[in-house]
Structures are given as C-alpha cells and as structure tokens.
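Shown here is one chain on its own, the form predicted on its own, set out as structure tokens.
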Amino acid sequence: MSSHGHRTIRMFNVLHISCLEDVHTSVSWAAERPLLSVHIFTPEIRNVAGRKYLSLWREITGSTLVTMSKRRSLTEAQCVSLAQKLLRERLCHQKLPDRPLALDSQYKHLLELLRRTAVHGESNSVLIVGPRGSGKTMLLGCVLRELMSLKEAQKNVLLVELNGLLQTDDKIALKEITRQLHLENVVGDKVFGSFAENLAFLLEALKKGDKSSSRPVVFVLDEFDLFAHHKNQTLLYNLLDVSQSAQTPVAVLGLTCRLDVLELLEKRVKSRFSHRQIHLFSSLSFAQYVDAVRSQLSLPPDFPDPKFSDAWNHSVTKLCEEKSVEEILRRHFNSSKDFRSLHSLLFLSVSRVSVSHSTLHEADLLEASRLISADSKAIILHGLSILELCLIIAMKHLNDTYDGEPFNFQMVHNEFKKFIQRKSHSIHKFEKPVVMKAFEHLLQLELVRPVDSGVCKVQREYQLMRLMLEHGQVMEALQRYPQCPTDVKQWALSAFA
C-alpha cells in the first residue's frame, strides 16, 4: 500500500500509522476507501500525526474521520451512510451473531463435541440436518468461533472446509485437503497406490515433532449428500474410517438439507458413521421473530454518534409496534421462518434510507415486501408486445378447446388469424415469419415450453408446446398494460371466463 512497507498496514478497514512519513503517504490511498478508524501507534507522533491526518483528510475528501484519538461529531449524511454500511454488513451475513437464535441446545451439543476433539483428542462424526436457510452454516460458524477462542484449540486445531458443489470428485477433494493443510511441498511428486494411503500420509505429516500426538483436524463437508454420489464413496469411507480409529483426532461434520441422507450411504460407510445427527427445525415464535427484526435493525451501542443512534433505535422500536408492519412480518413469518428471506426484506428496506429520509418508515417495509413477493412471470408479461400477448390469449383458447392438450405454433397462428378476421379492427395483420419470431421470443422467456425437451426432428411449426402461465397472471398483465386495445381485452375475457 505504502512505499514505507510494513509501517502503514491496512487491516479490517483500520489504518495503522507508525511514523510521521506514513501520515502523508497513506492519505491519497485512504481517500479512495471507506475507513472506520485510524490507529496511530507511537505517543510522540500521536498529536502531530492526528492533526496533520485530519487536515489532509479534509483537504482531499472534504469529510472527517469517524474514529480517531479524539472522537468528533458527525454530520447527518455521514451518520446515515455509516448506519447503512453497518446494517448492510449485518444483513449480508458478513458478521456472525453473538449466539444463534433459538438454537441453544444444538449450539451446546456441537460445541461440546468439537471441544472434546480439540482438547482431549477424541474423534467424532456428526451430521447437521435442516432445510435451506435454517441456520446450519451460521450455527457452525458460531461454534467454530467459540472453539478457536479456547487457548488449547488456537495453536492445535486445523480446519478443512469442503463443498460438494465444488469438490465434485475425490481427486479434487484430496487436492483441496492438501492445499488447506499447507502440505503441497510435503507431498511433492510422490505417487500413492490408493486414496487411503494418500490421506494417511497427509495426516501423518501433521504429527508434532515428538511423534507422540497429532494435531486435531476438523473436516467440514458442506452439501454432504453430494459427496455420497462420488464413486465408491471413497472420501467419506476414509474420513469416517480415520475418525473411528485411534490414529489421528478427527472431527467430520456434514451439513445437508436432505433428511434421507443416511439412506444414500453405502453399508461400509454407514457402519463407520457415529449416527449422531443435529436437526435444525425452527421453533421460533412470532414474538421472537419480531424481536429478531428489532435487533437486526438496531444500531450498536458503540455507534460514533449516540444522539443519532438513540433516535434511530427509538424509530425502529416504534416501527415494529405498527399494526401494518406487524401484518407484513406475520405474512413473511407464515410463509418462511428462515432468516435469509427476512434479511432480504430488511436489506431492501434499509436501502431506501437517505439523508432526506433518515429513518425507516412502514412504507419502506411495504415496498420491500411488494418487491420480494412480486411474481417474476407477471413482471415479464408487462414487457411483452401486443402481438405476443395475443399469442398467449390464443394459446389459452386452445387449452380450453382441447382440454389442456399441448399445441403447436401452427394451431396458435390459425387461432390468432381467426381473431384478426372476425373480431379485431385495431390489430395489424402480421406476416407469418413475424408471428413466428414473436412465438420464439415467448419460448426464450420460458412462458412456453416444449413437451419434448430432447432433440426433436419435427419442424418448428409443429413442435408440441405447453403454456406455463396461469389465468390471474395474464389478466393482471392485461389490466396494467398501457393502452391495450379493447377488442384484445374482450377476447382475453372470453378466453379466461
């Protein structure tokens, strides 16, 4: 970053300054980046550097720093900007919560298992099972953070994280294990007879100098069910085999959303698994859900401007007591209790905050809820041409006439021609290639899909299709369509009656 090498260090949005020259060299770099604080180490330069840095900062950026050796008051614009930054980081899962909500028993159970591996060298295997968004990764993250804070675990425990979507076969997985254990140089060009030999060599290389004990290794297998589809399940077999033996302290943690995951395992793999499972099924009440919303939207006590922070937190408390907001939250709670969808709702609400609109209002949550629950296909329909809408109405007529049987382009074109000849005086008579182009556009948008998805040798005009829309979606699009011809609306009403 700086020509002075190690003296000026950027770490986690904190600028560290250890000599006077760094005050000058760091300002131009820092002006382009959002900094939360400046640490000026040596007492003899602290006062001089602080004053010089602040004046240079003002000169270049026209703004003040949030935290320095003396805290300064912020403008409202800076407060709003910083509040948004803190809340966005929180809602985008960039920070783990202090403790996982409504998962106390699972947290204690998993922490105790890993503590026994880290401290006492006891091997374990466990599966964390729950639907997507139930908090499996968050729970594990909180437990590992707590584990790594233990003095015995900090220097000893090694963490290897694998994902079934990335490590699609055992060879790739083994390379990733070697990379994460920093053993590329140890392995070198060695050739191993089997996967088991290779893994045994890696674990042997981790033994301490006295050869009396090994460093505990925690293997995290995300999308665990996908590893069960690897050839012969070699990776799972060898990892669980090591966890059963007394050679190396190993903890194998699997994360999956499949309840039937044990049925996917081969007999030899299943026999080596401890059959210990932690299930995450939300027992969250609506009152806890509202409390979570309040805590997610509240600013922390150490916010640089206490006056702004108190006003913001008071407005959030009042907002959560509003009847209309409670209805929105209850609707989301009833459809999905997971925090991922809740964070999406809150993120959209926070994004509407600005200097002229410095607190959250119920209108922000209403708009965010509307955006989240909007029908994507209905939105696509609003952008279609009149010709494409007419083709969709023709398809609905055909569905009614032939009791839901699939149709082809030729049938749709004939139905459209009948409408033009009999009823419509406002629609231009389009040539067949133009109509075909509009039909193909509907196919690209997946509003129409072919019955046979494989390679079909039938001419395009005669390939069988199905309409992927419902009555309400089309009628809503027609109602909102600007300057839609009356005869097209009447034709649609006769089709959707």
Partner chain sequence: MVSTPLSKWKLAAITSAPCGAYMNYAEGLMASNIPTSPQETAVDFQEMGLQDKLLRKPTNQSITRMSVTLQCPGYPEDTLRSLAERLPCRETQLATLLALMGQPDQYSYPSVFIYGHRATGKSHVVLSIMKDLELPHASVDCVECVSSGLLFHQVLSAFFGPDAAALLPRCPSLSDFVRLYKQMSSNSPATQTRYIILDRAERMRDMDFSLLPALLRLQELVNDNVTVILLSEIVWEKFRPNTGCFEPLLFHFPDYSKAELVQILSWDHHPSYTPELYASYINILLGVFFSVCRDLRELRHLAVLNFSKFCEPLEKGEAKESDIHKLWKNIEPHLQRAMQTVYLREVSSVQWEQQQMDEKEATTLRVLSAHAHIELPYYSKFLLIAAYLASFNPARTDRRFFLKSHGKIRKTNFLKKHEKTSNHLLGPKPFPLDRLMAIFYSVVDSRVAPTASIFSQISSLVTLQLLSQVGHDDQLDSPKYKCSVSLDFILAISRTVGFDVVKYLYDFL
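Just so you know, these numbers come straight off a predicted model, no measurement behind them. Numbering follows the first chain given and starts at 1.
Beyond the structure shown, there is the form predicted in complex with the partner chain, which is absent from this document and is the topic of what follows.
Participant: Which one of these stretches, 143 to 151, 294 to 302, 328 to 336, 218 to 226, sits within 4.5 Å of the partner chain in the model of the complex when only heavy atoms are counted?
Facilitator: Answer to the contact question: 218 to 226.
Participant: If the cut-off is 4.5 angstroms on heavy atoms, which of these, H314, H120, R179, R99, is the one near the partner chain in the model of the complex?
Facilitator: It is R179 that has a heavy atom within 4.5 Å of the partner.
Participant: Work out which of K423, R272, R258, R115 lies within 4.5 Å of the partner chain in the model of the complex, going by heavy atoms.
Facilitator: Result of the distance check: R258.
Participant: Within 4.5 Å of the partner chain in the model of the complex - does that hold for a heavy atom of every one of S134, L240 and V451?
Facilitator: Checking in the model of the complex: none of S134, L240 and V451 is within 4.5 Å of the partner chain.
Participant: Is E405 near the partner chain? Define near as a heavy atom within 4.5 Å, in the model of the complex.
Facilitator: Looking in the model of the complex, residue contacts with the partner chain include E405, since a heavy atom lies within 4.5 Å.
Participant: Would T168 count as a contact of the partner chain in the model of the complex, using a 4.5 angstroms cut-off between non-hydrogen atoms?
Facilitator: Heavy-atom contact with the partner chain at 4.5 Å: present for T168.
Participant: Is it the case that G472, even though its partner is missing from this view, gets within 4.5 Å of the partner chain in the model of the complex, heavy atoms only?
Facilitator: Outside the cut-off, so no.
Participant: Flag P306 as yes or no: does it have a non-hydrogen atom within 4.5 angstroms of any non-hydrogen atom of the partner chain in the model of the complex?
Facilitator: Looking in the model of the complex, residue contacts with the partner chain do not include P306, since no heavy atom lies within 4.5 Å.
Participant: Who in 371 to 392 is close to the partner chain in the model of the complex, meaning a heavy atom within 4.5 Å?
Facilitator: Residues within 4.5 Å: S376, K377, I379, I380, H382, G383, L384, S385, I386, L387, E388.
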